[in-house]
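A single chain comes next, written as structure tokens; it is the form predicted on its own.
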């Protein structure tokens, strides 16, 4: 597995654990009404599980599985995908703070979209029919 895929997958597992933890706290609050401000964790819970875990895991596995080039750099311009990893994680963290800093929602979403565009550009040429160089 390429190092970049390892980073994507490990980061996704961290978001999975955190997202499930926040979800468990919210569920506990729903059942026992201990501390109402726990509901403020909902944006973290949703962002960490949907984008942090699910999307990031898919991106990491796809980077690993998409066919490699037979000549030159086997995975193409990896720098773009590294930037994609950085923008995606920055976007996740910025978006999750939307409750306290509403403008961070837009900035975080823009960072996530930039991440996805960089990922697509970095992977586009590797998507081809079997046997085509």
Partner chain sequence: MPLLTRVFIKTGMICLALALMLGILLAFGITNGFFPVYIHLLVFGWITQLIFGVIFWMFPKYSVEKPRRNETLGWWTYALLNSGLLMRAIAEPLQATHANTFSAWILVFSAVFQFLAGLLFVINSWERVKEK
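Note that the coordinates shown come from a computational prediction; the quantities given were computed from them, not determined experimentally. Positions refer to the first chain, counted from 1.
What follows is about the form predicted together with the partner chain, which we do not show.
Using a 4.5 angstroms threshold between heavy atoms, residue 54 counts as touching the partner chain in the predicted complex. Under a 4.5 angstroms non-hydrogen atom cutoff, the partner chain in the predicted complex has residue 64 among its neighbouring residues.
Interface membership of residue 102, defined by any non-hydrogen atom within 4.5 Å of the partner chain in the predicted complex, is ruled out. By the criterion of a heavy atom within 4.5 Å, residue 3 is counted among the residues contacting the partner chain in the predicted complex. The three residues 9, 13 and 30 all sit with a heavy atom within 4.5 Å of the partner chain in the predicted complex.
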